[in-house]
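Presented as structure tokens, the chain that follows is alone, the form predicted on its own.
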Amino acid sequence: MKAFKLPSDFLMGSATSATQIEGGMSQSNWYKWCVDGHIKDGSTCIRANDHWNRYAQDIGWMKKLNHQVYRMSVDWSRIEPRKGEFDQEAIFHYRDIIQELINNGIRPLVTLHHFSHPLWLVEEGEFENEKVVDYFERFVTFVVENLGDLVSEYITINEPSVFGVLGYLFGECPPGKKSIKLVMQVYKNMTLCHIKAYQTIHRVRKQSLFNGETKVGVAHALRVFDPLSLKNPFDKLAAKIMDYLFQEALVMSMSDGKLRFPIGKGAPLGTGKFYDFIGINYYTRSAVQCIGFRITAFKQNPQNDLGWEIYPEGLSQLCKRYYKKLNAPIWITENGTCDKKDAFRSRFIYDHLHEVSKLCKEGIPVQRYYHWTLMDNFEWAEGESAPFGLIKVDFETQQRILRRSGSFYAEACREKGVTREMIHKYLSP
């Protein structure tokens, strides 16, 4: 292992989402999914990390970990619990959280939809219903009018591909349906939601004369799809098809407004450049087998606790690919690993940041890195059983305990890289 440096203006922090840490969620699609018994360990998003009440403590941890940036989300079901009715107390509470971040020298990046939305929207057909485009625009307008003086940077939608595939094809997340036709319908409506939101955020902040350069993008879940067998031409073809359907068609449709097959056709909202940065959530690589379009992992390589292959080189591959296509700054909006024993998280962080340093040296403008995640949380279908945090959490007592990997990452944030002393301290056998 070698020491390396990141650019002096490179920004580092962590990412979370409202449903996964706030607690007290009872009006969202994910709350219903929890109480209907779909969570692996029987936990619910009602408990989570109680961040709604403990945010000052958690922001204190961010400062200790030398965060310069923090990606958070606001929960639609808190802000608009009933259709067309906005909760002023909730939006003021989010203002308090954001002001606390700013007071501690941490720049907020706010996500507007991170898998969770109100129960009233469920009754309206969620993202299957084309009316969601107008509903989402109304919600975004309210949020930016009320937070736009504090926040200039936004993610409109988190991982639309994952939302569509897990919720509408595999049925592993709400609403638990299994239809490729519905996946494409949801992809189309999410694309239109993003474009409308992009335009709205820029318009509201410009009209309100809010300070700061407005930056808006999508946090895309990207992964490398490689053929299980390089000798099998059908595996190669299957990998290309999976890559196109899972990410390529959606990323490009959301970027310029031209709907790609099979999402749709034409440009219902016109064409343009609907992104100010390329948001990449990267975790793993998939091995694709043509028989049944089966997705697995390359077993000969290291895997995390969930069986995901650890493949740092994939981050570089994807950054180069999408920078070539979209020519915009890159923000790594999520990157992390499930490691209950904290046995390999430090090495995971080192390897992926090392890839980022090489990209920067090659002239690829990777500007930020948000580690997933700050602390163990309610990890969707896995519940409280999948620890991704720099900080260990006892959910019964809500005690936060800094992991060794958290200390390593805190030093990496401070040093803007990894020194030889850090390698000896944290990464030597």
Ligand code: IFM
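One rule holds for the numbers: they count along the sequence shown, beginning at 1. Here the structure is a predicted model, which means the values were calculated and not measured.
We do not show the form predicted in complex with the named molecule, though everything after this point is about it.
J.: Can you pick the stretch from 58-66, 395-403, 373-381, 31-39 whose heavy atoms fall within 4.5 Å of the named molecule in the predicted complex?
T.: Checking each option against the 4.5 Å cut-off leaves 373-381.
J.: Within a 4.5 Å heavy atom cut-off, is residue 70 in contact with the named molecule in the predicted complex?
T.: No, no contact at 4.5 Å.
J.: Find out whether any non-hydrogen atom of residue 76 is located within 4.5 angstroms of the named molecule in the predicted complex, and reply yes or no.
T.: No, residue 76 stays farther than 4.5 Å from the named molecule in the predicted complex.
J.: Although the named molecule is absent from this view, report whether residue 114 comes within 4.5 Å of it in the predicted complex, heavy atoms only.
T.: Yes, residue 114 lies within 4.5 Å of the named molecule in the predicted complex.
J.: Spell out, yes or no, whether the shortest heavy atom distance between residue 80 and the named molecule in the predicted complex is within 4.5 Å.
T.: No, residue 80 is distant from the partner.
J.: If you check 159, 153, 309, 355 against the named molecule in the predicted complex, which one has a heavy atom within 4.5 Å?
T.: Exactly one residue meets the criterion: 159.
J.: Sequence order please: the residues of 3-34 with a heavy atom within 4.5 Å of the named molecule in the predicted complex.
T.: Contacts from 3-34: just 20.
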